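Encoded as structure tokens, the following chain is the form predicted alone, with no partner shown.
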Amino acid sequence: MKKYMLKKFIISIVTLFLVVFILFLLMELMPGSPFNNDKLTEDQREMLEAAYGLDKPVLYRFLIYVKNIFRGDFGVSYNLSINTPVSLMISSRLPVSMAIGLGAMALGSVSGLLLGFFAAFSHAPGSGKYGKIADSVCMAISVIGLSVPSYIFAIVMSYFCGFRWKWLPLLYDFRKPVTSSLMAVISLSIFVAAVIARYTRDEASAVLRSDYVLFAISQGLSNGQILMKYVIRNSLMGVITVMTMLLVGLLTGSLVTERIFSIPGIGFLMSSAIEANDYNVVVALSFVFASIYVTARLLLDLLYGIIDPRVRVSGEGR
């Protein structure tokens, strides 16, 4: 187990190092400079580049950048909030995106699991015509959630629930963080619920068609007993993988949804930094996104190794 964990940890560190290298290389290859103000003369632009260390050789700047970024120093903002540490800008916005992402994940996971298991049992052998109709309805709902982007649901909810009926605040309010972020949570959770419902239905249907479940049905076990004893445990492994990746996407914020509701999260910060050509903020957020993804993937691999010894043994063998 220790060898397996060490191998996964080393792979994660190497991956993050490669991410930093690629991000730095892309930043170097970008046309123009962070100081694209037409009012600046060439001498003023050179003075600014010297002040921020951008006139140093590329290799020197890369080594300094790697040393700083792995201790949490992402430099300062060039345009959005001049000379403000990027780490401070991210740390003040990350909790907002995380709270909304966790809320959307919780709501979407519960809804998706219930919808998926209901569809699987409706599709189970012996369910009859009405079961197949229920399965079709569940999958139709799932297809709608997958096909329609989250920001469309956000716009529709914003118009009806916020503007027309005035049930909820139109924009994010720090004084009312729960009610003012509810529309964003619901709109983001719809896609999560749709994805989890499809995966849960497919995994649970495969389990319900297995020989040991058919034998349990022949022994007279109730649907509740079969669900708790066989279906949930054996169908959740594949679903957990999907849930982990969806959670990473939600924790890194939603660029469009956060802008619709003026939510001061990292998604809003990323879109603003791209518009302002603020390289340091864009690269720092990209590294944060990659770090969250790599960490989640590492924890998922370790969880697989603990739950299923076959995964651990095959990984050590390779």
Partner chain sequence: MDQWTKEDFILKGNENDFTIDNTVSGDSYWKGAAKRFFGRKSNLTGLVLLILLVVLAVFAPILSPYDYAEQNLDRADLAPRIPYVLSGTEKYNGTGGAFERNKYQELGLDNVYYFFGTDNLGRDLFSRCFMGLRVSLMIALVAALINVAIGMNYGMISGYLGGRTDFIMQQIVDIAGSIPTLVVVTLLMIVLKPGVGSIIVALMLTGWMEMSIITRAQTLRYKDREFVLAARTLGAGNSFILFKELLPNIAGSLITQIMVTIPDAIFLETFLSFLGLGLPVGSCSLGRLISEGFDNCILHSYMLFPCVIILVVLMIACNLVADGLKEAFDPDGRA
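Think of the rigid core as the biggest set of C-alphas that the two forms share within 1.5 Å after superposition. Quick caveat: nothing in here was measured; it's all calculated off a predicted structure. Residue numbers count along the first chain shown, from 1.
The form predicted together with its partner chain is left out here; the points below concern that form.
Proximity of Ser158 to its partner chain in the predicted complex: non-hydrogen atoms within 4.5 Å are present.
Residue contact with its partner chain in the predicted complex: Leu255 places a heavy atom within 4.5 Å of it. Taking the partner from the other structure, its partner chain in the predicted complex has no heavy atom within 4.5 Å of any heavy atom of Asn68.
Taking non-hydrogen atoms only, Tyr151 approaches its partner chain to within 4.5 angstroms in the predicted complex. Taking a 4.5 Å heavy atom cutoff to its partner chain in the predicted complex, the contact residue among Leu170, Val137, Ile217, Ala206 is Leu170. Of the residues Leu221, Ile133, Leu114, Ile144, just one reaches its partner chain in the predicted complex with a heavy atom at 4.5 Å or closer; this is Ile144. Heavy atoms closer than or equal to 4.5 Å to its partner chain in the predicted complex belong, across 260-293, to the residues Ile260, Met270, Ser271, Ile274, Glu275, Tyr279, Val282, Ser286, Phe289, Ala290, Tyr293, ordered by sequence position. Positional change of Lys176 between this form and the one not shown stays under 2 Å at the C-alpha, relative to the superposed core.
After superposition on the rigid core, displacement of the C-alpha of Leu18 between this form and the one not shown stays below 2 Å. Here Cys161 counts as shifted, since its C-alpha moves by at least 2 Å between this form and the one not shown after the core is aligned.
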